[in-house]
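First comes one chain, alone, set out as structure tokens in the form predicted on its own.
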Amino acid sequence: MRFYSLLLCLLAIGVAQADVFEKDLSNGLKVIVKEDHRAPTVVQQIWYHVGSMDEKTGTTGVAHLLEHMMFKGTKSVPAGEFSRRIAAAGGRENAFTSYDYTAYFQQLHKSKLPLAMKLEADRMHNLDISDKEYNKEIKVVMEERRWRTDDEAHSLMDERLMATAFQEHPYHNPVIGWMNDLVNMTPADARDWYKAWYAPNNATLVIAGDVNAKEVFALAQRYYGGIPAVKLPQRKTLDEQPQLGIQRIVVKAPAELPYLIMAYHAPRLRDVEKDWKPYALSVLSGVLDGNESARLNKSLVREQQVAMDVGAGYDSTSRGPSMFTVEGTPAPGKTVAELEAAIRQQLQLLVRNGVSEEELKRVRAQVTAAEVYKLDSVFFQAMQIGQMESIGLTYQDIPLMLKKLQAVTAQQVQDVAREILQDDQLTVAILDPQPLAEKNKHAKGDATHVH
């Protein structure tokens, strides 16, 4: 990996920020334009500030289902025509749903931006959720759930882990929904979700590429400006109470190898300037994982040979509470219990002895290089802006977040490890592999949109 200096990184980020412009339309739609003139292309992304965490019991999966329905036609654009017109214009399009938001995007030649805006604005306001199209698509979603979760051991394990670790917060429920809810969902549920949340005052429009901001704002006003705002449902504060002791689950599913996930409740980033723990946790994740010289790989894969693979993860940016995870596959001849013991030993060493300046230097370099590389992708720049705006932060926070990451000290990493890596806030999930012959083989149906 080629390492860049912090100065170069912040300079690059600063230049990128200087090319970002924003404007709020009178109906509440926030429009953000990132000018990047390296290629004659443009990305349009519309981010709705609603995801599966906003669902109610009994209708889990409706946010993801509605994402599918958004491609099933309006009064003026028949089912399937949206995608056909974008493809005919030489573009590509897709969508995704998460716990926190739902987003739709197109990437095409800059001259086709009016077409993309016209189509996207049309389905923001004029979606036609017919019983016929709904009844076809709910079957597609149920099949997607079967082959992406029910028939995939690691996905099933992740789902059960979340349902165990979160007892109160809606992260308890899978984004794709529980099968019982999908079976009992109705077209009215989808229509109600659309009417409640799909509105300009609950969305951010991000346009990035070879465009002029002033011209983009005029186009946005033309195509989106006439869509009326709606009174949004009241959002209640959602959180998770402290865990009352270690939790363990075993998931039996057809698989070749056992697997281990250790997930600790951890804070998310709320105040970019004042918070320090999320930054320290991000660095801790980099110390444990990140490349071959990181602690877990070096100690457990190469030296002790107790793991085939092992890694750590943490995401500081989300609407709901976060988790710090360590996971891995035992090496042949080793058990999950031996791998867990070896991981625990490494975590205890870190808590007791802290991290070295050399490790901090490596992680800082990785963070810096990663941010510079992100600037190479117009699409990713738009993604970063949209995500930040959709979780209650802002793209303007990014330079400060980078400075804070670079300022994390060895003492802060040790302190946050001591506080967070405790059994009382740990959920352990173990995959107990069953014979693959038992695996139900479902035809992989139409998964038109990647989620």
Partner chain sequence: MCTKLISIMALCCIAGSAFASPHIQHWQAASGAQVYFVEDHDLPMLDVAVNFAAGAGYDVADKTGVAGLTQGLLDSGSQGLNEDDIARKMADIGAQMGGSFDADRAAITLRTLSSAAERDVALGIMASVLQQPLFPEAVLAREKNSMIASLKESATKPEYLAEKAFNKAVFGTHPYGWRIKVEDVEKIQRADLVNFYSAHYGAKNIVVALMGDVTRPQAEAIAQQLTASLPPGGASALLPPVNSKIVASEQRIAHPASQSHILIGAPGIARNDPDYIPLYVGNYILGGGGFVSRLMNEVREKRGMAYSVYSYFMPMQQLGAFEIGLQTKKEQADESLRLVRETLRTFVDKGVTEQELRAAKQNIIGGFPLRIDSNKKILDYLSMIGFYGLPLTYLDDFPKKVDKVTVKQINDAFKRRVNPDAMATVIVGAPEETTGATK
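Residue numbers count along the first chain shown, from 1. Predicted, not measured: the structure shown is a model, and the values here were computed from it.
What comes next is about the form predicted together with its partner chain, which does not appear here.
*Asks:* Please pick, from R344, K136, K277, H169, the one residue with any non-hydrogen atom lying within 4.5 angstroms of its partner chain in the predicted complex.
*Replies:* Selected residue: K136.
*Asks:* Report the residue, out of A213, L115, A229, V351, that has at least one non-hydrogen atom within 4.5 angstroms of its partner chain in the predicted complex.
*Replies:* Contact residue from the list: L115.
*Asks:* May I ask you to state whether N173 is within 4.5 Å of its partner chain in the predicted complex, using heavy atom distances?
*Replies:* Because no heavy atom of N173 falls inside 4.5 Å of its partner chain in the predicted complex, the answer is no.
*Asks:* Within 4.5 Å, heavy atoms only: does G58 come near its partner chain in the predicted complex?
*Replies:* Taking the distances in the predicted complex, the answer for G58 is no, it never comes within 4.5 Å of its partner chain.
*Asks:* May I ask you to state whether E273 is within 4.5 Å of its partner chain in the predicted complex, using heavy atom distances?
*Replies:* Taking the distances in the predicted complex, the answer for E273 is no, it never comes within 4.5 Å of its partner chain.
*Asks:* Indicate whether its partner chain has at least one heavy atom within 4.5 Å of a heavy atom of G245 in the predicted complex.
*Replies:* Residue-level check for G245: no, no contact with its partner chain.
*Asks:* May I ask whether M162, P233 and A410 all come within 4.5 angstroms of its partner chain in the predicted complex, judged by heavy atoms?
*Replies:* Looking in the predicted complex, the three residues M162, P233 and A410 all stay beyond 4.5 Å of its partner chain (heavy atoms).
*Asks:* Pick from 199-207, 136-144, 237-245, 213-221: which stretch has a heavy atom within 4.5 Å of its partner chain in the predicted complex?
*Replies:* Residues of 136-144 come within 4.5 Å of the partner.
*Asks:* Sequence order please: the residues of 151-182 with a heavy atom within 4.5 Å of its partner chain in the predicted complex.
*Replies:* Residues within 4.5 Å: D151, E152, A153.
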